[in-house]
Structures are given as C-alpha cells and as structure tokens.
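The chain below stands alone and is given in structure tokens; this is the form predicted on its own.
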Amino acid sequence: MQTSRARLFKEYKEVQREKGADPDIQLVCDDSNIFKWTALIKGPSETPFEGGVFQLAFAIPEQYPLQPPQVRFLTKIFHPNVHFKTGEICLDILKNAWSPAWTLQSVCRAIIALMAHPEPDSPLNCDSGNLLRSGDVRGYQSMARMYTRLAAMPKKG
C-alpha cells in the first residue's frame, strides 16, 4: 500500500505541476482519499462527442500500479465500449494489457482515443455496437451526438 500511495502522490504532484499542459484532461484527487480520483475529459474533435465534457470516476486499488485503476464514465455516453447504465469501459489497458508504466493521465488519453476510435466488435453497449457493425455510421453518430448534447454539454440559460 505504501508503494501505491507514493506512486499516487507522485502523480498528484505531476498533475499539479502540469495543470493546463493538457487542456483536454482535468484530473482531480479526492481531498480525503488518494485512492479516489475524478477526471473531466473533453470529447475529441471531429467526433459526435466534440463539445462535450465527460466525467470519469477512478477507484484505485491498493496494488496500484501493479493493477489497473477501475475507471468508469459518470456522464452518460452512447459508445459501443461503454456500458450505458454503469459507465464501465471496455479497454484492454484497463484489463489484461495493463502496465505499471501507465499513469492516470495516460489512461485518460487512451479513453479519449477510444472515444474517437470505437471497437464495435467487443461492445458493452450492443445497440451502439450493432449500429456500427451494420454500417449505420450516421445512425450511431446521431445517437452519440444526441446523448452528448443531453448529458455532456453545459445547459444554456
């Protein structure tokens, strides 16, 4: 547990030092628990998620960085690799391809890349995956855009 605390503290200091260096990611550590973090990520440009801001929740195991963090979307998102109800993310680096070289910041980068390049063949959201697998890219994009507007964009007024 000491190793994970030291590693997380190092990452925390790095995030503080480089605030604003990556305008697409805002990582925040819980004030009372270094094993709980949240992130705000911007939807990648030229995707149905563009203009949206999505909140992620990180639960970091005591074996970190030897084990990956558990990450899920708190903001609703229509994406084949994200469970619509739970926000669980299907991403190899969060499962069997994890390496201690990954940081919370690089995990956010990988999630943004996944948003831009969905993998419809391993869907957690079958509706979304089926649209893409059947070639209905337009249908997928309009649903994803609609949910981005509803859940990830600031309300006007």
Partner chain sequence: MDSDDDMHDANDVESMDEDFYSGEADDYYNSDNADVDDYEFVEDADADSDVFTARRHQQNYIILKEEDIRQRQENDITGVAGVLSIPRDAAITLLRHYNWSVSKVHDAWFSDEDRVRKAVGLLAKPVVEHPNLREFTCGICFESHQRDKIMSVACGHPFCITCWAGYISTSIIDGPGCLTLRCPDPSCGAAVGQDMINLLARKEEKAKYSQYLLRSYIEDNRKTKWCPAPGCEYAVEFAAGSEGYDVSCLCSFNFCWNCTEEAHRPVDCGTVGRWIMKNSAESENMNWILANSKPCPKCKRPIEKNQGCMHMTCTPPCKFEFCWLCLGAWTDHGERTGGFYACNRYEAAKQEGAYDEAERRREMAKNSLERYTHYYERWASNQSSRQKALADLHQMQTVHLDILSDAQCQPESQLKFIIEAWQQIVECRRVLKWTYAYGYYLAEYEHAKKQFFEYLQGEAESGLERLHQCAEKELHQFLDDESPSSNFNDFRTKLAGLTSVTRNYFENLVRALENGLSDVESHGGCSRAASSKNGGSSKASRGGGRGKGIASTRAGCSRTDDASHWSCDQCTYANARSATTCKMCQHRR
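Positions refer to the first chain, counted from 1. Values in this document were obtained by computation on a predicted structure and should not be read as measured data.
Unshown form predicted together with the partner chain; subsequent notes refer to it.
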Full three-residue contact with the partner chain in the predicted complex, heavy atom 4.5 Å, for Arg7, Cys126 and Asn130: yes
Per-stretch contact check against the partner chain in the predicted complex, the hit in 28 to 36, 51 to 59, 64 to 72, 107 to 115 (non-hydrogen atom, 4.5 angstroms): 64 to 72
4.5 angstroms heavy atom contact with the partner chain in the predicted complex for Ser134: yes
Contact test in the predicted complex: Glu46 vs the partner chain, heavy atoms, 4.5 Å: no
Cys90: touches the partner chain in the predicted complex, heavy atom cutoff 4.5 angstroms: yes
